[in-house]
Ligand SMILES: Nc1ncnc2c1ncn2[C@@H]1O[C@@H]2COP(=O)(O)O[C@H]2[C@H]1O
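Starting off, we have a lone chain in the form predicted alone, written out as structure tokens.
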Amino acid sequence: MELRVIGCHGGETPKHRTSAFILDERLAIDAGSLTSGLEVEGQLKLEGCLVSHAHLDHIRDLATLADNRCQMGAPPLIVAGTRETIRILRQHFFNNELWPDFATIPTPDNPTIRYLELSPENPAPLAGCNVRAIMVSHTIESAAFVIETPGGAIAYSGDTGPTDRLWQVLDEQPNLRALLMEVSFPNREQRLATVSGHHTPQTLRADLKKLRRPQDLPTLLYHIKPVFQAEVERECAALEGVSLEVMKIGDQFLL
């Protein structure tokens, strides 16, 4: 498996992009920066996009991705998420008010995007993978994903604070190569992290310790808020008994 980091931050500046990752050039995981960080050729290769939840920093570039693909006559992009996430996308995003409804453009029979509703913990085929949504704990409905390929599996936490079911699922997952895991705020901002449904390094370590062997799972960190980047990285570097790496824009991993 090849994982490309298009965006990996919890905010945006000229040096920071919001969450967007690509697996094997075919499957996008969240869409915060899919067009701002990816050339048109790469956009056209995508077959599907997993959407963890409907907050803007994870869906924003679906708008311009759909626009570009429509103009280029690309096959329909499968946009996959849980029922509530798909509802919000239909009602509040691709609603012919905020943005055109590309689920009916250019025609309802040949749209630019098609929705795939994921039932939690039930696998579904997407872009050559089997994907499962695992519900996590955020301020709106949010899902982690377990993505299985012929070469192994990876997991993606989505936006979450402390949660439980995800760790049970990951402990049971064979051939798990890596976990993409959110952490957003420094420990001194614990109150803000809690009310916004995110992790600090101290809650991250406590959650990872719910795994049987957290030290054996490569854990790739994303979603750090730009203004706290250096502080969160220092605090994560001090954590023991876990295997952490902070992702950067442009990183590529062979898993």
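Start at 1 and count along the sequence shown; that's the residue number. These figures come from a predicted structure and were not determined experimentally.
The same protein also has a form predicted in complex with the named molecule, omitted here; what follows describes it.
Scanning Asn187, Thr64, Gln229, Ser196 against the named molecule in the model of the complex with a 4.5 Å heavy atom cut-off leaves one residue, Ser196.
Residue Lys225 is the only one of Arg205, Arg60, Arg69, Lys225 with a heavy atom lying within 4.5 Å of the named molecule in the model of the complex. In the model of the complex, at least one heavy atom of Leu192 sits within 4.5 Å of the named molecule. When contacts are judged by a 4.5 Å heavy atom cut-off, Arg132 does not count as touching the named molecule in the model of the complex. Contact with the named molecule, judged by heavy atoms within 4.5 Å in the model of the complex, is confined among 207-215, 50-58, 23-31, 36-44 to 50-58. Of the residues in 134-151, only His138 comes within 4.5 Å of the named molecule in the model of the complex through at least one heavy atom.
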